[in-house]
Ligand code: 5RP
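A lone chain, given as structure tokens: the form predicted alone.
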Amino acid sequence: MNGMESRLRRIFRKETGCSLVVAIDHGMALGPMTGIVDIQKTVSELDATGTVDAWLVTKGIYTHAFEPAGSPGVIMRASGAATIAGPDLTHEGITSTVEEALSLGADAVAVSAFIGSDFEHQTLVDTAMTATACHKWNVPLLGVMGLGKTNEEKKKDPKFIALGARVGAEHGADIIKTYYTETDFEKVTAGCPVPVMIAGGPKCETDLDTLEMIYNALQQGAKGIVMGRNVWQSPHPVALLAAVEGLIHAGFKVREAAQLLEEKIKG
């Protein structure tokens, strides 16, 4: 085993090869959102369930407010510097280094690339150069494949999402975070040589919708989730995590997961 394999085992469970990652990096662009206003409380409560394999965090939250109950894996954001108050959320830049991530104790690094946006070129260059730096230290890179506002409709296009996933891997990412498409998602995973994990995207209307999306993605080759709002903005996030863990690591069907969700809610 080398350093890369060791760190990947901190993120993906050896028994299933899959992972349940909760993302709490939204505040870097969106500020204190519902569900992560008291982010330290959110982390403590959700991590205490023992269901979270890893967290996607910014260096500021990791340093000042990340106090998990256990010892989960940590993926640290290394790109950002754009907010909803600015002209374009896709105008991200590199905000950290692999060395800083390692000094803080992170297991992996995450960088965004925005396919089809005005900043596609620069964010892909940033991804590629960060991959080079990561691999020098045997640190996994999570490629967060985003879209510009003008490409919102393309979230539903499996060809476009498959393009983004493959491009991220081609530029050196070891794991891809991308959007789930209701049709032909298996083509997204089949065309990507590294593990594909699904983002939550916009908040689902119900927890059952979230479970169905995750189940369908897993059946089509996804290796887990990197989700935020659909977890911590749920009316019952602790119960939902138990159901999601059942889908990802226990092979639950949607009905079994939904039943567990109801049982956990009722206590």
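Small disclaimer: the values here were computed from a predicted structure and weren't measured. Residue numbers here begin at 1 and follow the sequence given.
Another form, the form predicted together with this ligand, is not on view; read the next lines as being about it.
Note on the interface: of 194-202, 59-67, 215-223, 34-42, the segment with non-hydrogen atoms within 4.5 angstroms of this ligand in the predicted complex is 194-202. This ligand is not drawn, but in the predicted complex it has a heavy atom within 4.5 Å of residue 23. Using a 4.5 angstroms threshold between heavy atoms, residue 144 counts as touching this ligand in the predicted complex. Proximity of residue 227 to this ligand in the predicted complex: non-hydrogen atoms within 4.5 Å are present. Annotation for 166-190: the only interface residue with this ligand in the predicted complex is 177 [heavy atom within 4.5 Å].
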